[in-house]
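Below sits a lone chain in structure tokens, taken as the form predicted on its own.
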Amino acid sequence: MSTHANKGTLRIIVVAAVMVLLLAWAQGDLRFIGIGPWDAYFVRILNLAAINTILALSLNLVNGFTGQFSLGHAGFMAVGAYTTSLLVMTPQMKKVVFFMEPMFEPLDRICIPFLPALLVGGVVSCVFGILVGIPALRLKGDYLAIATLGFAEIIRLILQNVRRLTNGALGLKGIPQVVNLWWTFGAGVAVFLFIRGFVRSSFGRALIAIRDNETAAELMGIDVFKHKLLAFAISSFVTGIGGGLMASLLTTIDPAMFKFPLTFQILLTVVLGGMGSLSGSVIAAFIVTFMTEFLRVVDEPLQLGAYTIHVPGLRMVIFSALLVIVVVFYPRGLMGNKELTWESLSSPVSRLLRRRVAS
């Protein structure tokens, strides 16, 4: 047992050391040995991929592990983004942004560091999740999806109309850009480890039992509603964290950002990676983010001799076609409900080495 624990500790140390080295390289902290920083555009894509990972993991906890079909992710993300942004913006910037109608007092004078503001954003999103979950989680299937989707739309309309709190349709600008790779990847690793530990606990096993057969789980003595609400609250908290990170990365937000397509993109990532697979969500988040960005080139005009070909929206057509192909060949997602382990990565390499030695 001690040998297994020592191996696990060694693996964590190795992975952490490699991640720290890569992040230091990305930030240009290895210039003293002649290695320069990564391209700023590539670093921005990595930040987006890490944030999308956080959002996919939080949705997978509800949809994948608990078996509840929720479509209110954009609403919880908006709550976290606006709460974090309003708390970190300086009073001077708030006066500039809220030029049409003054902001509510004393919020117009409050300015706190980013980390406490990010946690408060997560907590406020969690509170909204509990308030929505108490009535909505008594529903099942499509009815739950409609209820949570309606909540997300209500939140967006509130953000658009309460001008003295959210600046209405104009949104918020001048949000301090605190987020970098250390923040996004650090938060991503923390969320992954937390949700993995939660899923492996007795609460997580109860959630999986609810997903597989809710009636049987209830007959076994599991408080189904309590466990659903707990998963929903944790997912809302993590989503609020992701929203706060996104707001700080973009430095500007508005209600139009948090429409249903945002939830659809996160849901697409979860389905592509595999419902009930945390490592699948991580892999799919990076694939979707990089494909979405790198396919932008097909939206640009293409010059073929004397003709110019320009098809608006071709990027999403190609992206959708590729996703259809993946879903056809992998109907349960890339990972299904399995996890990517150290043994699964090392075993192909070990077999290849054994074959070479044998030959």
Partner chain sequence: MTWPLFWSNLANAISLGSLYSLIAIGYTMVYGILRLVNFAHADLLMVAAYAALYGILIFRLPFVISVLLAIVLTAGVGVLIERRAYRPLRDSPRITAMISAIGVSFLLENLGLVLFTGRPKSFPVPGFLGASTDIAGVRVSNITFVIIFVTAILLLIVLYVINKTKTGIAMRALARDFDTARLMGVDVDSVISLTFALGSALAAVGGVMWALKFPQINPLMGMMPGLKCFIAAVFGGIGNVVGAVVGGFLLGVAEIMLVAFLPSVSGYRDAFAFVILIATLLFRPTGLLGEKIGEKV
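Residue numbers count along the first chain shown, from 1. Keep in mind that what you see is a predicted model, and the values were worked out from it rather than measured. We call the rigid core the largest set of C-alpha positions that still match within 1.5 Å between the two forms.
We do not show the form predicted together with its partner chain, though everything after this point is about it.
Engineer: Of these, Val124, Ala187, Leu165, Ala147, which has a heavy atom no more than 4.5 Å from its partner chain in the predicted complex?
Structural biologist: Result of the distance check: Ala147.
Engineer: Work out which of Gly197, Pro102, Pro91, Pro261 lies within 4.5 Å of its partner chain in the predicted complex, going by heavy atoms.
Structural biologist: Only one listed residue qualifies here, and that residue is Pro261.
Engineer: Please name which of the stretches 172 to 180, 250 to 258, 156 to 164, 80 to 88 has residues with heavy atoms lying within 4.5 Å of its partner chain in the predicted complex.
Structural biologist: Result of the contact check: 156 to 164.
Engineer: Do Ile112 and its partner chain come within 4.5 Å of each other in the predicted complex, heavy atoms counted?
Structural biologist: Taking the distances in the predicted complex, the answer for Ile112 is no, it never comes within 4.5 Å of its partner chain.
Engineer: Does its partner chain get within 4.5 angstroms of any non-hydrogen atom of Val327 in the predicted complex?
Structural biologist: It does: once its partner chain is placed as it appears in the predicted complex, Val327 has a heavy atom within 4.5 Å of it.
Engineer: Using 4.5 Å between non-hydrogen atoms, is Ala321 touching its partner chain in the predicted complex?
Structural biologist: Judged by the heavy-atom cut-off of 4.5 Å, Ala321 is in contact with its partner chain in the predicted complex.
Engineer: Is the gap between Leu71 and its partner chain in the predicted complex 4.5 Å or less for some heavy atom pair?
Structural biologist: So Leu71 counts as contacting its partner chain.
Engineer: 2 Å or more on the CA of Phe319 between this form and the one not shown, with the rigid core superposed, yes or no?
Structural biologist: Yes; Phe319 is a residue whose C-alpha shifts (by 2 Å or more) between this form and the one not shown when the cores are overlaid.
Engineer: Superpose on the rigid core, then tell me if the C-alpha of Phe290 is displaced by 2 angstroms or more between this form and the one not shown.
Structural biologist: Where the cores coincide, Phe290 shows only a C-alpha shift between this form and the one not shown that is less than 2 Å.
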